[in-house]
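In the form predicted on its own, a lone chain appears below as structure tokens.
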Amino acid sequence: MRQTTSQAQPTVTVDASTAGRPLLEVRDLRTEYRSPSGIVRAVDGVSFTINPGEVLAVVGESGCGKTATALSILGLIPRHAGQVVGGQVLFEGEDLLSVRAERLRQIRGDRIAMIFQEPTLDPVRRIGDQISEVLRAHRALSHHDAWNQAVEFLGLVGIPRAAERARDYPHQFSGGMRQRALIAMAVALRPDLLIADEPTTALDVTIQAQILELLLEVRRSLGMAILLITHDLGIVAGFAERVMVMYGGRKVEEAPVRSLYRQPKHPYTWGLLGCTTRLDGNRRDRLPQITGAPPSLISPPTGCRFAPRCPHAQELCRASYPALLEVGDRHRAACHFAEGEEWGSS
């Protein structure tokens, strides 16, 4: 069970020249994987935007389509395993799904970077060399200049004695320090968007809080936007401005963080909140954990995909899938009974 960080709500500063224009706009994204049992609809009509400098958290259980969405954005779905079958991914108005492979490689890493889930460093190469290689792949830098910039970014992410530690190998770093080095590698090219896929997995709660605070500090220093992927709503409270909740390959709720926490409008979101605690050890009252298992994405249930697990489900829920409707200020939910409901209040 994860714990909620107690960080203050971050403030976004957006350049006036980009105000009002999304940095990233995903429209009706659909991604399928092939399996021996059939086609897995991992991402099924997902749409969202990220503005310059904004932090958006994508939350849901394992298998809900979070990572598949991120890999689809970057064109990293393995061809032998699946493909994006529909939609658009507009980065500053340019559709990444239709650009040439060379152009996508240019954007990937340079303009959009990703911290992968449970990533690893090369165990037989020095930390500084690994960061330098990323810099030289995208910049016309000498080995000396790339090394100096690698040291600079190790210092930026809080590695003490960065010039000395850059000569160390991964096994000489603690788990938290290795994660900092991976963040330095991801942001070394000063990307406009950083996608962080479960960046605190396998770290204890104290280190989790430090890594999330570090990401916010780097974001403030570089002015980048962040797409955070996590299964835990607890770590989102002090990190993101907006949250998108996914279930069964679809978006089921989207709202500003405070609105989502105060008045969740989808029963699944309420259930996710029930699986979180706070750093002070206090647990919210009457927050039921979610029973049952996520739906098959090969043959999902008719109607609302959460209906088989929802304690509030009615016949309408099992008969038709609910539209994603406005239920508050910038707050949308895909539930037939979202309007006027406060799940868990009864």
Partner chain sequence: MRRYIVRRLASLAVVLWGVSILAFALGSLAPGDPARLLMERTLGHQATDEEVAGMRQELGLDRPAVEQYVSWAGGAVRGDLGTSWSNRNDQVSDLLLERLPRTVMLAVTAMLTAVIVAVPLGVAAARRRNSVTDHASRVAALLGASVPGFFVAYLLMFVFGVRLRLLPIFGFDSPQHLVLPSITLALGSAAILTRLTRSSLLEVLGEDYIRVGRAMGLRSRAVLFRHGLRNAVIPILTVIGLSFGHLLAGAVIVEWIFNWPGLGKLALDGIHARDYPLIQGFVLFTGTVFVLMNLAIDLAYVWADPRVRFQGQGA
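If you superpose the two forms and keep the largest set of C-alpha atoms that fall within 1.5 Å, you have the rigid core. Numbering follows the first chain given and starts at 1. Predicted model, so just to flag it, every value in this text is computed and none were measured.
Here the subject shifts to the form predicted in complex with the partner chain, a form of this protein not shown in this document.
The shortest heavy atom separation between residue 190 and the partner chain in the predicted bound form exceeds 4.5 Å.
Not displayed here, the partner chain is kept clear of residue 151 by more than 4.5 Å at the level of heavy atoms in the predicted bound form.
Proximity of residue 134 to the partner chain in the predicted bound form: non-hydrogen atoms within 4.5 Å are present. For the chain shown alone, residue 88 is not a contact residue for the partner chain in the predicted bound form, no non-hydrogen atom being within 4.5 angstroms. Residues placing heavy atoms within 4.5 Å of the partner chain in the predicted bound form fall in a single listed stretch, namely 108-116, out of 258-266, 108-116, 206-214, 225-233. Note on contacts: among 172, 201, 83, 221, the single residue with a heavy atom within 4.5 Å of the partner chain in the predicted bound form is 172. For the options 96, 146, 121, 159, the residue carrying a heavy atom within 4.5 angstroms of the partner chain in the predicted bound form is 121.
In the predicted bound form, 185, 186 are the residues of 184-200 with at least one heavy atom within 4.5 Å of the partner chain, listed from first to last. If you fit the rigid core between the shown form and the other one, you'll see the Cα of residue 145 move by less than 2 angstroms. Taking 2 Å as the criterion, residue 126 counts as shifted between the shown form and the other one: its C-alpha moves by at least this amount when the rigid core is aligned.
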